[in-house]
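Consider the single chain below, provided in structure tokens and representing the form predicted on its own.
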Amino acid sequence: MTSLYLYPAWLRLWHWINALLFLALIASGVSMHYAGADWLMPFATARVVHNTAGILLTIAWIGFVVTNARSENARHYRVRFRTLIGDLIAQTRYYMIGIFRLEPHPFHVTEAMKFNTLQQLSYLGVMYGLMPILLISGWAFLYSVYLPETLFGLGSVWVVAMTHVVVSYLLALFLLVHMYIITTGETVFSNLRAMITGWHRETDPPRPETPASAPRETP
């Protein structure tokens, strides 16, 4: 068993703040979308919560992008294109089949690379693709009075609103998958514990058999 310090304090703080903000945004967003139901927030309260959480999420995202680019954590997002296809196939097969057969994980966490290829691509897509769209559409929605009358021949407010809603659903889906993947570590709680303590525990991969360790034939 090897212990690796992979999640520095700033990253853990950002992660948990981000998680709380996402929950606040989902709860307040649903409350505004289905306004009037007794079990949801009042519309006025939900609007204040949603706008506040959205502003804080913007600050948190900018903080992540800047800090990540200036820290060693950025190396974990560098995709290895030379082995990309093979890694994708192996990782996808493991999540779809191997994990249910208790097969060994095809990827082993190291200090140089803590994300498997699927994690890398999904995190890159979320943090540098969906998140900017979500934030920009949210700010555009907040200041919709300054939008032009139409965009692409359609009402600009409708375009912005649909973009914001669709990206929100995609990020909510990512959150569900992310929560499931958390449970697929060495134990159900090992990945969650790593994001709390910063330390990841990795079972050492089996060493290849060497001539010295290989059983000798008896003459």
Partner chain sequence: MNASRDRVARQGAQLHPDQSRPASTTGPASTTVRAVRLGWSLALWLCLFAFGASAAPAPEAIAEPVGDALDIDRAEASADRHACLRCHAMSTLAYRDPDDGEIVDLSIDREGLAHSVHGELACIDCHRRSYRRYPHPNRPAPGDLDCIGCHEDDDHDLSRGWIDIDAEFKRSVHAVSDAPEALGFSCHSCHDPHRFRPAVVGEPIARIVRNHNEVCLSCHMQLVGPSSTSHDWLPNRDAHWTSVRCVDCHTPVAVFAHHEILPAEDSEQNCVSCHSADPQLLARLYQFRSEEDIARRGLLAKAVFNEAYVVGMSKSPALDRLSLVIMGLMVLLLAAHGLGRYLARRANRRA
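Model, not experiment: these values are computed from the prediction. Residue numbers count along the first chain shown, from 1.
What comes next is about the form predicted in complex with its partner chain, which is not displayed.
Looking at T58, you'd find every heavy atom of it more than 4.5 angstroms from its partner chain in the model of the complex. Put simply, F81 is far from its partner chain in the model of the complex: not one heavy atom of it is within 4.5 Å.
Residue contact check for M162: one or more of its heavy atoms lie within 4.5 Å of its partner chain in the model of the complex. Though the partner is left out of this view, L142 does reach within 4.5 Å of its partner chain in the model of the complex, counting heavy atoms only.
Though its partner chain is absent from this view, in the model of the complex it lies within 4.5 Å of a heavy atom of just one residue from L151, L192, V65, V166, which is V166. Just one listed stretch, out of 92 to 100, 115 to 123, 128 to 136, 73 to 81, contacts its partner chain in the model of the complex at the 4.5 Å heavy atom level, and that stretch is 92 to 100.
For the stretch 48 to 81, the set of residues having any non-hydrogen atom within 4.5 angstroms of its partner chain in the model of the complex comprises V48, H50, N51, T52, I55, in sequence order.
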